[in-house]
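There is one chain below, alone, in structure tokens, taken in the form predicted on its own.
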Amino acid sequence: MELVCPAGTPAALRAAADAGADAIYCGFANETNARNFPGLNFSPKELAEGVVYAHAKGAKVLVAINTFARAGNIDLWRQAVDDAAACNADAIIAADLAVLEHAAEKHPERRLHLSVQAAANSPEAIHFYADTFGVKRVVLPRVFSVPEIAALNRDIDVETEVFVFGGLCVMTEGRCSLSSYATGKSPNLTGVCSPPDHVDYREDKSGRLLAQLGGFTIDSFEKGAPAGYPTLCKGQFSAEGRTGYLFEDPVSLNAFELLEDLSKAGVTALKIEGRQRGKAYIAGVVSGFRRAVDGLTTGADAGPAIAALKSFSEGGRQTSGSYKKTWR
């Protein structure tokens, strides 16, 4: 299986390539990219240089142009597709119909991957994208069990890519409006979930630190306790007399123990989340999963390397996510 790794900066791209990534996904520094955060992402020049570096290491570069273009203002998305092709990227990851159509018509030689933002989770939906735009791979939403992925693969003839490590969303990929509600900026249109310019930390009268987003208190912490970034879906809220993580626990996915099952289910590629993470995270996680994937054929034990990844996990906690959701 192919190991697909994140890069939010040119330095992270080089770290991923050096650590053994088979493919590296990244995006431009604008609204076409679902990780459009200040200080991250690539200019066309940086992307072109990154592609040369990755190819020299034997790795592919996949460019995420995976937000949804706005009616009457699609030129930015078209330009991003043209720039990715000019930079010799190996594939474009997209979700928007207009972006997919532009890429298929203007750059038919370029592979098209369907972004998780499209939330395509049925054979019928995947057949549509494959038949209409020539999509070669679909990144599956984080809602499937392994048997469901196996069943899906039996009904489609395109490659499937699944997440195996990193942060989780609330399983409404491409349709979440929580951050938009709080800040007025949409993850799906402008690529910014819980944008930093809407983040604020302040103490209340009792000395507790309040983490706020768009004026909403997302979480509170005892004085001196480490405070997490106020991502709205991972905040603590009170409802019906109970206080807790109402939408999603602050925990990272780790599907290491399921790699063999995913291989048997027909999965082509394994995706690591984390384009907002630094070089140490990239190098550590990619190296660990490189050993794990290679171990499927060599028999080498990657357990210690994977165990060391707990320090990179959100809140120091890990889960197998929807692969083993008990409510299923």
Partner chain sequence: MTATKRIELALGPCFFNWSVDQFLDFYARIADEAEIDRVYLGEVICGKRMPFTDTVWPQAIERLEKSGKTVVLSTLAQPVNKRERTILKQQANYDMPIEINDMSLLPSREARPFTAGPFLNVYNEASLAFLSKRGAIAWCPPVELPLDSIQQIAALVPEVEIELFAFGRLPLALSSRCYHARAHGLSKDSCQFICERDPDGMDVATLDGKRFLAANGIQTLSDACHVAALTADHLHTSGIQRLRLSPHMSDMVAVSNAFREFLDGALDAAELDAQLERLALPGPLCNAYLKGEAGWKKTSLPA
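Not measured: the values here are computed from a predicted model. Positions refer to the first chain, counted from 1.
From this point on, the text means the form predicted in complex with the partner chain, which you will not see here.
Participant: Could you tell me which one of A227, V199, L76, A98 places a heavy atom within 4.5 Å of the partner chain in the predicted complex?
Facilitator: In short, A98.
Participant: Just one of 263 to 271, 283 to 291, 33 to 41, 66 to 74 has residues with a heavy atom within 4.5 Å of the partner chain in the predicted complex, so point it out.
Facilitator: Flagged stretch: 66 to 74.
Participant: Does the partner chain come within 4.5 Å of a heavy atom in each of A85, G134 and L140 in the predicted complex?
Facilitator: None of them does, since no heavy atom lies within 4.5 Å of the partner.
Participant: Within 4.5 Å, heavy atoms only: does D219 come near the partner chain in the predicted complex?
Facilitator: Output for D219 is yes: heavy atoms within 4.5 Å of the partner chain.
Participant: Taking heavy atoms and a 4.5 Å cut-off, does Q117 contact the partner chain in the predicted complex?
Facilitator: It does: once the partner chain is placed as it appears in the predicted complex, Q117 has a heavy atom within 4.5 Å of it.
Participant: Check G174 for me: does it contact the partner chain in the predicted complex (non-hydrogen atoms, 4.5 angstroms)?
Facilitator: Yes, G174 sits close enough to the partner chain in the predicted complex that at least one of its heavy atoms falls within 4.5 Å.
Participant: Residue-level contact is defined here as any heavy atom of the residue lying within 4.5 Å of the partner chain in the predicted complex; does T231 satisfy this criterion?
Facilitator: Result no; T231 lies far from the partner chain in the predicted complex.
Participant: Which residues in 174 to 209 have a heavy atom within 4.5 Å of the partner chain in the predicted complex?
Facilitator: Heavy-atom contacts to the partner chain in the predicted complex: G174, R175, C176, S177, L178, S180, Y181, A182, T183, G184, S186, N188, L189, R202.
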